[in-house]
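One chain follows as structure tokens, the form predicted alone.
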Amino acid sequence: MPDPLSSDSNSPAPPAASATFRANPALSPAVVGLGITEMGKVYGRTAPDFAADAVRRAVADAGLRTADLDGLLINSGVRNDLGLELARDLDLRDLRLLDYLQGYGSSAGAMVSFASLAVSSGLATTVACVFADAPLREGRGTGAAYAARKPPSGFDGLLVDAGLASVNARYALAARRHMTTYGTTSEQLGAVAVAQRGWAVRNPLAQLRTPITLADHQASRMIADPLHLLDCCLVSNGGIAVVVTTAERARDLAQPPVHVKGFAQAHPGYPDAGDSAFGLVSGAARSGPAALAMAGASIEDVDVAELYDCYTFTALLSVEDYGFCAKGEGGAFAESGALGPGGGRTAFNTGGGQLSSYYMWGMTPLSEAVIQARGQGGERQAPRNDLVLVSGNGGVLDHHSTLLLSPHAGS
């Protein structure tokens, strides 16, 4: 079977941005502000309201004013109810950078990447990156939040006739293929859910903090075979923003800077065909090595990994593709307890991830990564945080981003 993400493909060399950062360390990018709004079943507020709130919180966290921003990057949920009008809502004037990005769950990493390039090149000096969503409605079940808005027509309608009528069903297909190929079990997927709830118990921001067992996972109702309810992420209303500026400017701000050491994207473009690697390999296999090369690091150097976990399967596939374990051994890796508190040298999804803390697409792993890199994780703080990996996954394994963050400015 051809592997479209294999390392021996004709990939271009890693991005040269690291050379720019090293040539002028003062212009290297850093995350200096983090804003997290009320999160979860918070009703009566709109996505633009959450977004403006998140940006104001992030700016205040950095010790800045909104007037100090000269760049704004925006990402909204699937209903696209955020737009460039957010700049007007925030009374931002004379921006040098304003744009809307949509790579779904990979967007947070992409926004920080573009903000980093902007501040390092002088295109802008201080850029806010924001995501917000408000799909939950009072009195309506969470399952309705992401219900299909419009039935597909034409050739795409054949997928619905085949039973692939939802994102849940397509991820279930991916998980089933991994199980059939590598022998991964439902119990091993459950180990991911149990491990992440173990972290969430220590996170005051998490929506779900009651410990669960593997038996709880197996007893939870089936959503799309083989995915149980506890294999699936939460649905949340809220917003999160970060502020990116240069290392030089970060020195005088309120929070310890979190330096951006590397970043990359991958967009596999899986065809709906039998020789596709869909379900077996994700974009992490390509964006991970590229981001690590930019940072001048290896996967063994990663102290904390905040993995995108819209489903337990997504996290399991990511640990394989980043190289934390061999291909096909993600299930055994999770079953060993390596993903839970005290599980091994690398700490994974220390906030509980999207399965247990909150679902803000790629801003969930990014926000926890910033907290960990600052050393502000409290009871859940990882013992080492020299290098923090952040992953983002969009669509149904269609888009991927990787960030490498560090509390250290060095080259």
Partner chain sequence: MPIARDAASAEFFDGTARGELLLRRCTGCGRISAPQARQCPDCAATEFTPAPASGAATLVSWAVPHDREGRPLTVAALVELAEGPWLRLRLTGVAEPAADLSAGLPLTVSFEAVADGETVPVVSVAREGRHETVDRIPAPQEGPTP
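Numbering follows the first chain given and starts at 1. Predicted model only: the values in this text are computed from it and were never measured.
The discussion below concerns the form predicted in complex with the partner chain, not included here.
The partner chain in the predicted bound form is not approached by Gln255, whose heavy atoms all lie more than 4.5 angstroms from it. Among residues of the shown chain, Arg177 is one whose heavy atoms approach the partner chain to within 4.5 Å in the predicted bound form. Using a 4.5 angstroms threshold between heavy atoms, Gly83 stays clear of the partner chain in the predicted bound form. Of the heavy atoms in Ala215, none are within 4.5 Å of the partner chain in the predicted bound form.
For the residues Ser276, Ser120, Ser186, Gln207, the 4.5 Å heavy atom test against the partner chain in the predicted bound form is passed only by Ser276.
Shown without its partner, this chain lists Val78, Leu158, Ala219, Leu98 as candidates; in the predicted bound form, only Leu158 has a non-hydrogen atom within 4.5 angstroms of the partner chain. Partner contacts here mean any heavy atom within 4.5 Å of the partner chain in the predicted bound form, and among 207-215, 299-307, 230-238, 169-177 they occur only in 169-177.
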